[in-house]
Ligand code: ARG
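So this first bit is one chain, no partners, the form predicted alone, shown in structure tokens.
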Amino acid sequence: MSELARTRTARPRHYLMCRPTHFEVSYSINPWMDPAKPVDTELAVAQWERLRALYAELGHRVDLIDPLPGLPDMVYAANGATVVDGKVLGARFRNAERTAEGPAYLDWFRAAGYPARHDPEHINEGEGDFLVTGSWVLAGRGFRSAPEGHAEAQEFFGRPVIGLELTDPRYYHLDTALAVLDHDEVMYNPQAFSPGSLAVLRRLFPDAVLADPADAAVFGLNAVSDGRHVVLPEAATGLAAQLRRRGFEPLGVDLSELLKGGGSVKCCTLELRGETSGEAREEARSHTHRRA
């Protein structure tokens, strides 16, 4: 069967999100953040709510973590942890402005009944730099997460971790430069990686969708896929066309206000892979955390 004729199948996903109630840009820890530019928090919330509603329309489960005052970047839930097979690897942030987010997210997982949790010793910024394919955990480094954190993740999850060096400060997290589409299918920005890491990507993913600089610059790779539907920034029209040719259904959204903080669709979406089990699941059912 040719790639053009391939039939794609969506699979229900479980996501954790955080409403941008306290979103603002009051400091700068990446090239997208400019405290001098005004931020419309009400618009940011409205754009975020449309994303959450879209996930519900697609049949996905969305749980919510309460936003905390003084943590404007908590909306970028993908950075809060990495969850594989129901095991939760917490985040340890490099920048002091975000340090308190790691414990806040681990507290949520504790209350939700996830028994296998690990408070990391080394710096990792959750699914910002850890992306899970069918065969590997891809791990970004160069600006935020540390190589020692990659080894820690491999030991905790028991899955092979592939380190990838990021070289462009605009794409400071792996999820701004690469997205997992389905199993071992990905799309990525070749200009965001070191020569050696680019060679690894070409070897592992010879049929990957490649983003041009224009689509990368609008955060087109900060996308979420359920195996059929790919939710991505609506400005990434070139990527959307490529995805259609591969049999995917791209769904464009406007998160322009949240891009002022250096995040878009994927940054706002933490995937919860695997289920809690036994007594822990019963505990989770009795816990009154909010669910969309």
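Counting begins at 1, following the sequence as shown. In this text, all values refer to a predicted model and were calculated from it rather than measured experimentally.
Although not depicted, the form predicted in complex with the ligand is the subject of the following passage.
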Note: the ligand not shown here; in the predicted complex, the stretch from 210-218, 114-122, 72-80, 150-158 having heavy atoms within 4.5 Å of it is 72-80
Quick check on this chain: which one of V39, M33, A235, L58 has a heavy atom within 4.5 Å of the ligand in the predicted complex? M33
Report whether the minimum heavy atom distance between W108 and the ligand in the predicted complex is within 4.5 Å. no
State yes or no: in the predicted complex, is some non-hydrogen atom of G140 no more than 4.5 angstroms from a non-hydrogen atom of the ligand? no
I'd like to know whether G262 contacts the ligand in the predicted complex, with contact meaning heavy atoms within 4.5 angstroms. yes
Touches the ligand in the predicted complex: S145 (any heavy atom, 4.5 Å): no
